[in-house]
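First come two forms of one protein chain, each written alone as structure tokens, so that there is a structure 1 and a structure 2.
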Structure 1
Amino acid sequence: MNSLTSERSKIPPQKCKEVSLDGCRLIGRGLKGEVYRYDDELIIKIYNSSYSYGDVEREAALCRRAFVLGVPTAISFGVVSVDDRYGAMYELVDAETLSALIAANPSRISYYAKEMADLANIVHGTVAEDKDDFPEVKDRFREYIINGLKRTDSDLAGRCMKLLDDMPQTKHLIHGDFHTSNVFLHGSETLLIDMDRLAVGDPVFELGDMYLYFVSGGSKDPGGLDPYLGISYAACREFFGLFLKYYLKTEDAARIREVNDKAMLMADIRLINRYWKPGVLTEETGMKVDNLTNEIKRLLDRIKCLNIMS
């Protein structure tokens, strides 16, 4: 068992400082919890009730490990409790999430996309050592294929699994939940939080997660707000397009489309897994899965390998 994973069993509430969020400003929201501005100097990430004390401690340990490797990350200096939930406290003076900044300053979306792309290149350019014992990110996507796509189309799942298996091994660091509500602009410095899915692998998996966050919801009303990021779906799509160009450091449309196709494939695989999570498909989710399956077939006509980094 990984030494960090074993910490999940620790539940010592006596070590937790109890805090109240009365009057605190919500500055970010995700599937795992919310981020609040506690005061002028502190923010708190509060996790959903399914997260234990050990889960939050584990993330703090991963933050420290990433920081030592050179990743710009805010370091948690304590676990706190809010009612029946646990959270991590960070010192971030005069810092705002990129989501909040984009919502407040939509004309600067290109600048924020460049900042996030530069941060992604720092993270993905960091190579972990064997002793760091980070999980392989592609193992997570294997599970998505097995639990979702394979239940829909076993032949298609086999083709996707082969692409995964053919990928070269790499130790490039992957954040695992890389979106604008987990990135703070602190002066001129970008800082990451929420490190519990830190892994190693090719950045295509990170871009696939980002495609899911920023693009897959784009079929909804473009003017509607993404409930987690707090910015419009139209802005989300624009942000990802700008991010990809800056991240790849190219204006080459063919190269951008190639990487975009691979990110779309990863997002489709993850979405199909999400629709299968209840165990059965409804008429509505069944139609969505059929559409995604057909899209994957079209993408595989163009995609010959998954990796984007040698």
Structure 2
Amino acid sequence: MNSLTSERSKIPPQKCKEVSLDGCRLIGRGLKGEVYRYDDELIIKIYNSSYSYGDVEREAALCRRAFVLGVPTAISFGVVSVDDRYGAMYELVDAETLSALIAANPSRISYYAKEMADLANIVHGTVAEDKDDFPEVKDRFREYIINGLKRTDSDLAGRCMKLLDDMPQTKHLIHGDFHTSNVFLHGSETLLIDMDRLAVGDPVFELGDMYLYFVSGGSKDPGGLDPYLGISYAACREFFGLFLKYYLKTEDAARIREVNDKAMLMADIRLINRYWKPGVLTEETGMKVDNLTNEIKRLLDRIKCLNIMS
């Protein structure tokens, strides 16, 4: 844990205000807990009981820092307690997420992809200061390699690690969970929420996460709905293709392919880590890991460096 976050975790919990959610409407549910509309101006994101006061305060602190650095995000109003759980109060964003908008208006997918790309350029164009001491996004991918690919093919894992080591140190802001359910469109303005994976580094890692969310998931059933985003897999893939073109601000097929390859590599690394999570592979996950490993070998024939920004 970096010094900003470890300092925050030491803040004693007794300072936080107790609130009741009686009569409040549930408006969102995620892996970490639920989100309630508290009143006409505020929401409470209430975390599962395994989250400490420090964890909740950490996300609120990251959100405040992102706001100060110029990232358009909901204002944080601090930590509260609800029975035996902690929650964080945020400004209510009275708007739809990009996921909901794409699902409702599929013909406008290109417009939404451009909005997402412009937002990504704002976030990635923000350079953190040394005092910010955000985590390095690269370290998250090192963990994926150690816990996944290395168990399957240690030589290949070594080659991927070397590419990570050779990357220039950069401090571009990376959201870390950059998908369309974390982005609201409010009039013509986008707003980004869910800041607990905020980090610094090269944007290739953010694109890798996006490749996983939008492209890797639905290769088998393009007509099905992605359960988390609520968008068809076919639309997710189309969205990513459009996003990348707008994000890179180019029609140059070679540049788009180069960045797409790097994003695919990152997604494959993360996916292999996911399949290894139970500690053993089944016949089915073993085959998937083999296919991904072979794909990584092919990608490494073309990829000479990982960074997409200097």
Ligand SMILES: Nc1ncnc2c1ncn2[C@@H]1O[C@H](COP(=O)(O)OP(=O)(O)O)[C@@H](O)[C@H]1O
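We call the rigid core the largest set of C-alpha positions that still match within 1.5 Å between the two forms. Just so it is clear, the structure is predicted and the values come from calculations on it, not from any experiment. When a residue number appears, read it as a position in the sequence of structure 1, where counting begins at 1.
Between the two chain copies, the one drawn from the form predicted alone is structure 1. Superposition on the rigid core between structure 1 and structure 2 places the CA atom of residue 35 2 Å or more away from its counterpart.
After superposing the rigid core, the C-alpha of residue 85 moves by 2 Å or more between structure 1 and structure 2. Superposition of the larger rigid part on its C-alpha atoms leaves the smaller part rotated by 21 degrees between structure 1 and structure 2.
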